[in-house]
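Below, in structure tokens: the form predicted alone, a single chain.
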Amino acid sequence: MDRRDFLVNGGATLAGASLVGSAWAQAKTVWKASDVHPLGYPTVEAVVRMGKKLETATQGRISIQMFPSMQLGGEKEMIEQAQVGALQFARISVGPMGPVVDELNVFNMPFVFRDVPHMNKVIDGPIGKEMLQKLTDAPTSRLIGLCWMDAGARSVYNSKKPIRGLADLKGLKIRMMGNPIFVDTMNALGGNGIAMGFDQLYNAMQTGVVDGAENNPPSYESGKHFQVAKHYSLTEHLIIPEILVFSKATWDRMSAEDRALLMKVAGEAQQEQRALWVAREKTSMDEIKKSGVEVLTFSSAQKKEFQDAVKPVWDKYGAKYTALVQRIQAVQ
């Protein structure tokens, strides 16, 4: 090969390598996201919209593939998959996250928030930002806290009888999320708290393994739980925000620009999901009532009976959160 042929062939090789490098740099990345709820549910829809924004901003380089309706398991399984990078996004209630980052348990305490607007002000402010950072910084979490999502207030439903007061809860087997605070809360209210995954709940109620559960109206409605538990009492004993988390294993491989873009669209998703939630909560309650469910509401005086009953839970778990609880209560 003479010098001219060598230069021509060498140039072609370099050009080919450059094209391969360019293609690699623009290789499409599909991030997996999961939720226990179906398509159209506010938390699911908010993440789907995030994916569309990411796809537009990166000209198709990054997109999100959503796996709704417990396709990848319950919240415990979703946390574990995100921690190892098999899944990028997981929408998790603070309930299962409490054992991962203890400070988050303050949001799991019964009646810690006055109402849902109070909770929203807390998570939108400095306390909310600090708690997301604690999750991100915790060496055992292996997760990035992206943003908060609204999940309304949780109330009791069951297949046996209407719950008008503490006496009616006595002896009922009520499913709770897998956190000792929740089980102890139900026990303090007179029921028999049973820790169980959301993915197992419908069958458990249908077969009588549990008599009922507690959750917000959209979860009660979208999970079809009203079909097997016709008594819904708006105790609102827990108001628990939810977190959209991201795999740290994936985050560590990302560029600074992609990290900044992700945090930007996550911040927007926090507000968009809230608007979606308010609309869905109304629709769900309309559907619940239309299906023949007995929905009971409580006055402030009636709720006080429930608030007084959970004092043992605060005595057991609340002392270490005293300063943080005072800050939460000071938010107006």
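From 1 onward, residues are counted along the sequence shown. Just so it is clear, the structure is predicted and the values come from calculations on it, not from any experiment.
The same protein also has a form predicted together with a small molecule, omitted here; what follows describes it.
Heavy atoms within 4.5 Å of the small molecule in the predicted bound form are found in one stretch of 246-254, 175-183, 203-211, 231-239, which is 175-183. Proximity of S155 to the small molecule in the predicted bound form: non-hydrogen atoms within 4.5 Å are absent; the residue sits far from the partner. The shortest heavy atom separation between H37 and the small molecule in the predicted bound form is within 4.5 Å. Proximity of I92 to the small molecule in the predicted bound form falls within the 4.5 Å heavy atom cutoff.
Contact check for N105: no non-hydrogen atom falls within 4.5 Å of the small molecule in the predicted bound form.
By the 4.5 Å heavy atom rule, the three marked residues T29, W31 and T58 all fail to count as contacting the small molecule in the predicted bound form. None of N120, S141, Q88, S219 but one reaches within 4.5 angstroms of the small molecule in the predicted bound form through a heavy atom, and that residue is S219.
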